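Before any questions on how it binds or moves, here is one chain, the form predicted on its own, in structure tokens.
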């Protein structure tokens, strides 16, 4: 069997062939980029946080009344929380990582005229922050209870910057081009300096979609404003069960404040990734539907071709063509259409990715997705045409004489 007779037959039915080729090309272009985006979202969701997210409970308290002593309440709350059965450690903080809510500022490597700068989350925290969040130190040490200050009264660290700070390795590398920065000075936007005493191996900030989410600074300070958040690390597997226990213990201990929210850090992280999950789900459905539509298009064209060539097929059978010759003919025809389609689609896929990268800041395509999609569409085409091809092979040779 030669390719030339197949091409001649296709040229006599150009419309159907062109439609299938166009459908395959568009399917490949969209599928390649959709699968690439899905993979990017899944990798985004699965990034290591550096923290014991599954075993942390977060709660927020708000004080009221003239006799409410916030700093004393924080000290007593932390002592009470750490005494609860099932609690490993607790820390007061202005915000909780992965929650979608927090504070950020710009940091500098010097107070000179041309400093290198980087943005990142910052957290005002009490002692035992490493024990509570569960991160590891790359170098240096964490804060001691005596180093926790309580003079932070503004929304930015620049109005009052503690003398010590811990930063993530990611922030250290961006600012100093090395993670070995213990003992060096870190500066805020107002030129105030603080000494780095520890480098955190990895810790994520509040906004999972932010490109600087790995840039985090921890400041040893507790605000004297009448509200705070507590992060409470519990024994493995007890986070959900400890939520009502912690909430009730805080409410019963002090009636001059209210507990405004209590939830697990795991649930907060899941909520922060809702947009990524939605994108992955929608694109997965789109890919599935595109494959179905492409398959139906191939089946439709093949079935139409079989109906149009009934007498031709019968004639070939009458002069000696076997059933497998008929099946091979339609398989080859479909393979040619699919090959032309995926060749055009590969070019469209790259062009579409370049446009998405320029217009929306998406990453450049890993080009191995293209041959993977080509193989998938080849297989889809062969599977889709198998039914019509088998039906064509069953046409009797006698059909050739019906109109004679």
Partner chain sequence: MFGYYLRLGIKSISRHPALSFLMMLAVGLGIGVSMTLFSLHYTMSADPIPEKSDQLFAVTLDAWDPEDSYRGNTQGLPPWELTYRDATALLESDIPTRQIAMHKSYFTLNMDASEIKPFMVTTRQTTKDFFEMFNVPFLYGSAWDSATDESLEQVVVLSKATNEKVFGGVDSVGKTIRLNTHDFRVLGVLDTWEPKIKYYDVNNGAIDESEDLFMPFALSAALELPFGGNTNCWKQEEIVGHQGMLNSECIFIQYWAELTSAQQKSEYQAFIDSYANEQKKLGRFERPINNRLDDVVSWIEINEVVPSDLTIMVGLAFLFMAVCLFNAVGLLLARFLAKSPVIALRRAVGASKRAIFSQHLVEVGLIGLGGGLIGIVLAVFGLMGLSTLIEDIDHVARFSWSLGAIAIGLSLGATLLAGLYPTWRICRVQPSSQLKTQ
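All of these numbers come straight from a predicted model, not from anything done at the bench. Positions refer to the first chain, counted from 1.
What comes next is about the form predicted together with the partner chain, which is not displayed.
Interface residue among 75, 82, 238, 108, judged by heavy atoms within 4.5 Å of the partner chain in the predicted complex: 108. In terms of contact with the partner chain in the predicted complex, the residue from 183, 244, 209, 189 that brings a heavy atom within 4.5 Å is 189. Although the partner is absent here, residue 176 is not a contact residue: none of its heavy atoms lies within 4.5 angstroms of the partner chain in the predicted complex. Contact check for residue 136: no non-hydrogen atom falls within 4.5 Å of the partner chain in the predicted complex. Within 4.5 Å of any heavy atom of the partner chain in the predicted complex lies no heavy atom of residue 367. In the predicted complex, the partner chain lies farther than 4.5 Å from every heavy atom of residue 318. Just one listed stretch, out of 368-376, 34-42, 50-58, 338-346, contacts the partner chain in the predicted complex at the 4.5 Å heavy atom level, and that stretch is 34-42. In the predicted complex, the residues of 248-271 lying within 4.5 Å of the partner chain by at least one heavy atom are, in order, 251, 258, 260, 271.
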